[in-house]
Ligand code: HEC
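Taking the form predicted alone, here's one chain by itself in structure tokens.
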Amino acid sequence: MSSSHPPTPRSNPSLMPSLSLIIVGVVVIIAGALGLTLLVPQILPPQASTQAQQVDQLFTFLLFFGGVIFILVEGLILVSVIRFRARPGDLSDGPPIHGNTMLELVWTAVPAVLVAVLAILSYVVWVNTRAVVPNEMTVGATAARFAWTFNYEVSQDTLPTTLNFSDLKPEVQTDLTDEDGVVHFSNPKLYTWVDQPIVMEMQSQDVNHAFWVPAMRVKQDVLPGRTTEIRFTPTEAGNYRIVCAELCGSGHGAMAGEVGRDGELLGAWLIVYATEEEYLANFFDDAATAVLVPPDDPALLGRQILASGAYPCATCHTLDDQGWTGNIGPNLNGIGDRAAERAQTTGDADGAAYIEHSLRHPGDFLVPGFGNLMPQFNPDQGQPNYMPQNDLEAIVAYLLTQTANPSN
């Protein structure tokens, strides 16, 4: 008779490594986690604001502890696979090991404390990056499909040095001395200078948008019917891309700044000058003068209004005179010729009436091949997409001059 022998229980290697191995493991884990934090400058855009510095410090902290946990867990898995693997010919069961209460308490308590610390640090950064600071410059931002418009103010105290209050037109003087005491002007780009705190007051004219400047580490939703705010203080001069981070329609991509073939900055950009003097000389003085001393010719005024970006036309239409290259809406080259022809079929009195009708009620007459995406520019100030009648008449006068290319 053959005798059977019960399988020999698998040997149980010591579960406690030596002190030297523990020290080596700790060093490897910390060194590996610190190595991951060295990747932060490669992962993120260059820091360009005080908010970016705080956000990156928090991100580095998160990456370090995430790296510690990742290397620890993956290291233990690798050690377990190698050390406690079944040897060739060993068909026995593994040793019966029961749970360790202390170990379970440790791996529950440590993550709980770490999450609490991260929550506190995140809240501190969130509060600090939104705190009101002295001498903030307020800039309004209007989001609309599919463009950003940035709104500035000029007052008697901020008149360009080339202008005298007494030389301004009476209506402009009235605007500068009424209850508000400011004149507003717009631009499709956002301008400021180093170390100048900025607070953005943002509104949407249609759907949800999101204002995001990666280099500043600021992002804020822009919602219809609400005014949302975001703050940042630039620390480095340069040109920084502005992005809409909320899918808002077929022209969503046009709301992000791009670099043209000739190196020109297209769309939404944050331009940060090194000093306030450069900001005034290169942007503010010229832009303020243009609105305070408007041209008498309605067509020239209309061209100036559209060039200012006060209305989100550039990203949807093509118009060579303005440098627009949009393809979401009809081509406006030669619109002065076509308007008169279309007025005959729409019942409008003439080309000017047709263009005005199209701006006030864009859904009434759609050019074949294009959908009803154009915002309706309303005459009442309390309505979205407000366009004063004076602006409307000037824009119509300018568009009527566009007769060089009657195609499309």
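Quick note: we count residues from 1 along the sequence shown, nothing fancier. The structure displayed is predicted, hence computed values, not measured ones.
The same protein also exists as the form predicted in complex with ligand HEC; that form is not shown, yet it is the one meant from here on.
Contact check for residue 32: no non-hydrogen atom falls within 4.5 Å of ligand HEC in the predicted complex. Put simply, residue 272 is far from ligand HEC in the predicted complex: not one heavy atom of it is within 4.5 Å.
A residue is said to contact a partner when one of its heavy atoms sits within 4.5 Å of a partner heavy atom; residue 358 meets this definition for ligand HEC in the predicted complex. Although the partner is absent here, residue 311 sits close enough that one of its heavy atoms falls within 4.5 Å of ligand HEC in the predicted complex. The partner is absent here; in the predicted complex, the one residue of 317, 217, 231, 303 having a heavy atom within 4.5 Å of ligand HEC is 317. In terms of contact with ligand HEC in the predicted complex, the residue from 41, 347, 371, 379 that brings a heavy atom within 4.5 Å is 371. The chain is drawn here without ligand HEC; in the predicted complex, the stretch among 183-191, 163-171, 234-242, 328-336 whose residues come within 4.5 Å of it by any heavy atom is 328-336. Residues 52, 130 and 279 are none of them found to lie within 4.5 Å of ligand HEC in the predicted complex, as judged by heavy atom distances. Shown here without ligand HEC, the chain has 354, 355, 358, 359, 362, 365, 366, 367 in 346-368 lying with a heavy atom within 4.5 Å of that partner in the predicted complex.
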